[in-house]
Ligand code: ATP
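Consider the single chain below, provided in structure tokens and representing the form predicted on its own.
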Amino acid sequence: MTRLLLLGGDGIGPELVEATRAVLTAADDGFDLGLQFETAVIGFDALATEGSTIPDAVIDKARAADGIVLGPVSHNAYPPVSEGGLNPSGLLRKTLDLYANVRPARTFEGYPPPCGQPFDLVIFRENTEGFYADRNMASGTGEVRPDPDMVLALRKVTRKASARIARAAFAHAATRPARHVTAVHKANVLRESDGLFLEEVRRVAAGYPDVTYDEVLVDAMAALLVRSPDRYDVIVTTNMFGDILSDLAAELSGSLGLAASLNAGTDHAMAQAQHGSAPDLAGRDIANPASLILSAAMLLDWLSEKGHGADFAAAARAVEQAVRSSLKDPVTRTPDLSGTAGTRAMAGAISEAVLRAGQSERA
């Protein structure tokens, strides 16, 4: 039995998690995965009933689960932490040590990308430190206000975190045809912090002589991705740079609504859409579920690697292929993708395709 914890979140989050559950259920039925689903309330609903946007009991359930599916949350609208307004995403990443935020960006056949050219790259973003104030200190935050007119932000970069995100990036690159890693940095200005990051990436690169390695400044990378995204294969970078570049790459591939994202650590992993909670779309059955569904496929693949069986990897491939197929037809994609399907209808079409794929494979 493989236990998955489903956390609905805010805005369109519950609808997307329900759509993703439908696809995972189809994968379970088709590939006999033995999934067991558990749900828990987070976000504004939890704040109203429990006094916290992510109660301690939910964190305990996340720690005990084999995998987590997290819906988008409206953390920018939460009250201060002192009033229970914790960021569930940041807290789970830090508490479960989900150090690698893996964000593929690839084009889809039948859905023309804005950049006008096909590409397939993946960004490995360090996920536990950097400039992010909610996760770079043992207590307190990385931002301080000495006086009303001044704020200082502290950035944390460690050898341990830099080395392990580099190892994850190179290990993945070694499985891809291009076998190429690009480290993105700003060491010409952030000489100490990005300098340390590059030291560790270079150290890891030396252990992968068959993987091509290069380095690009972050501002140059923003321009180069727009010009020639097909030049890149695996990009490894620090937290904030990875956050920004992955959104750029996702839009170049077609839409942020198609961007998968997995937060992975040694013992835990969490599927999470790259986009936000879009409260203006909530309850209208028009939100695009593809990002979270593709993220769940990444979670299935991670579970396969962690020993849950080859059927999980087969199911992950089936989910991804079903999403690709749905994007080819306006009838099975949502309005943001110039389609006519609602959230449930798109998820239904994907679910049916996944179930058929599983049944065919087991026949």
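Numbers follow the displayed sequence, beginning with 1. Owing to the predicted nature of the structure, the values given are computational and were not obtained by experimental measurement.
Separately, the form predicted in complex with this ligand exists; it is not shown, and the next lines address it.
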field: Ser74, heavy atom within 4.5 angstroms of this ligand in the predicted complex
entry: yes
At 4.5 Å between heavy atoms, is Ile12 in contact with this ligand in the predicted complex?
yes
*Give a yes or no for Pro104: in the predicted complex, does one of its heavy atoms lie within 4.5 Å of a heavy atom belonging to this ligand?*
no
*Would Leu256 count as a contact of this ligand in the predicted complex, using a 4.5 angstroms cut-off between non-hydrogen atoms?*
yes
As a check of understanding, the residue in Ser277, Ser89, Asn127, Ser261 with any heavy atom within 4.5 Å of this ligand in the predicted complex should be identified as Ser277
Of the candidate stretches 113-121, 148-156, 287-295, 224-232, the one with residues having heavy atoms within 4.5 Å of this ligand in the predicted complex is 287-295
Looking in the predicted complex, the residues of 312-345 with a heavy atom no more than 4.5 Å from this ligand, listed in order, are Asp336
